[in-house]
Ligand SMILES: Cc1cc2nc3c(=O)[nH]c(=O)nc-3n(C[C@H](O)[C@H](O)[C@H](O)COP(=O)(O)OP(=O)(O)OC[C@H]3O[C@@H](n4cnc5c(N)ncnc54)[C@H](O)[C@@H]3O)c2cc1C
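One chain comes next, on its own, written out as structure tokens in the form predicted on its own.
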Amino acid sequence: MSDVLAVTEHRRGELRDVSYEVISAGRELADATGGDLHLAVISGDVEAFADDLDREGVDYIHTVDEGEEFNHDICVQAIEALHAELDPQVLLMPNSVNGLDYAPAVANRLDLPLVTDAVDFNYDGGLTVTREMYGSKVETTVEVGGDRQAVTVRDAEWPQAEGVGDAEISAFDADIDTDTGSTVTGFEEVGSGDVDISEADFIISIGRGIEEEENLDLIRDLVEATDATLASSRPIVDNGWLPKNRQVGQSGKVVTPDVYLAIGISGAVQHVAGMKGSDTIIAVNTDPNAPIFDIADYGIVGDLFEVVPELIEEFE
């Protein structure tokens, strides 16, 4: 029987979606190892976070009440102490900006093999992790050695945990040394532009099919009529028609809206990697064989310059 320890994440007082996704990933792995799933909640309003994270499949939640925002030194010390106390088979962490900040340090201090950016894994007496390479065109599997392992999981690859759980919630005294020389003085989101598309519930995204920059006005009319958020594939950003913060995909942002309306997007693997976790995907494309239709819940084979005006009329 081998347990799993999963680290959750928050920012500016709110839990991030990956926290609920890492629960699903952790539960899957704990079922395979025959152990319990432990969650680590570090800093911030730990009591409120723990209550919200008490979802189906969580056995234990450990809170470390130290600081408000993410701090590298506090996070590393807390995870190291929890790992020493619980001795889990696998340590799961988000493959996020914060996760990739502390994960290597934690793995180094605990002498654990670390595999990053996992999109799947399998445990059958040993851990095998699936990763993607070459712009998500190739999947590779890595057999992870050692008695204990550390893995960071890509967001939007596992569903968000739901339901009401019955986890045992307890405060953990990690004996944190706060005299480390680093201090969090505030939060500043650099280069995010006018909107964070990763937080949007309804996204209308455009691709090469828009043809010319002037045709963006038509899409903006639809965005206004539907109260959606405008995004795009990489070619639109490369052309300078929209800023970088609007790009969805492997080299842009990962989004998981309730509705993702892809207009004139073929569905290259790099773009799909950034939006396949959307609840409902609707595609408009003239090519019935476009890859986007392979993942779309609803598809319209037609000219966007005919379809979009009809959609605008319908919504208005």
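The first residue of the shown sequence is 1; numbering continues from there. Remember, predicted model here, so these are calculated numbers, not experimental data. If you superpose the two forms and keep the largest set of C-alpha atoms that fall within 1.5 Å, you have the rigid core.
We do not show the form predicted in complex with the ligand, though everything after this point is about it.
Novice: Quick check on this chain: which one of 42, 39, 248, 30 has a heavy atom within 4.5 Å of the ligand in the predicted bound form?
Specialist: Only one option qualifies, and that one is 248.
Novice: Does the ligand come within 4.5 Å of any heavy atom of residue 265 in the predicted bound form?
Specialist: Yes, residue 265 sits close enough to the ligand in the predicted bound form that at least one of its heavy atoms falls within 4.5 Å.
Novice: Residue 148 versus the ligand, in the predicted bound form: is there a non-hydrogen atom within 4.5 Å?
Specialist: Answer no; every heavy atom of residue 148 is more than 4.5 Å from the ligand in the predicted bound form.
Novice: Would residue 287 show up as a contact with the ligand in the predicted bound form if we use heavy atoms at 4.5 Å?
Specialist: Yes, residue 287 lies within 4.5 Å of the ligand in the predicted bound form.
Novice: Residue-level question: is residue 209 within 4.5 Å of the ligand in the predicted bound form, judged on heavy atoms?
Specialist: Residue-level check for residue 209: yes, a contact with the ligand.
Novice: Counting only heavy atoms and a 4.5 Å cutoff, which of 31 to 39, 65 to 73, 51 to 59, 268 to 276 contacts the ligand in the predicted bound form?
Specialist: After filtering at 4.5 Å, what remains is 268 to 276.
Novice: Pull the contact list for 227 to 242: residues with a heavy atom within 4.5 Å of the ligand in the predicted bound form, in sequence order.
Specialist: Read in sequence order, the residues that approach the ligand (within 4.5 Å, in the predicted bound form) are 233, 234, 235.
Novice: For a quick test of reading the superposition: does residue 301 move by 2 Å or more at the CA between the shown form and the other one, rigid core aligned?
Specialist: The answer is yes; the displacement is at least 2 Å.
Novice: Under a superposition restricted to the rigid core, does residue 291 display a Cα displacement of 2 angstroms or more between the shown form and the other one?
Specialist: Result for residue 291: yes, a 2 Å-plus shift.
Novice: After a core superposition, would you say residue 154 shifts its C-alpha by at least 2 Å between the shown form and the other one?
Specialist: False for residue 154: its C-alpha shift is below 2 Å.
Novice: With a C-alpha distance change of 3 Å or more, do residue 253 and residue 95 lie closer or farther in the predicted bound form?
Specialist: It is farther: in the predicted bound form, the C-alpha atoms of residue 253 and residue 95 lie at least 3 Å more apart than they do here.
Novice: Considering a change of 3 Å or more, are the Cα atoms of residue 117 and residue 275 closer or farther in the predicted bound form than here?
Specialist: They are farther apart; the C-alpha distance rises by 3 Å or more in the predicted bound form.
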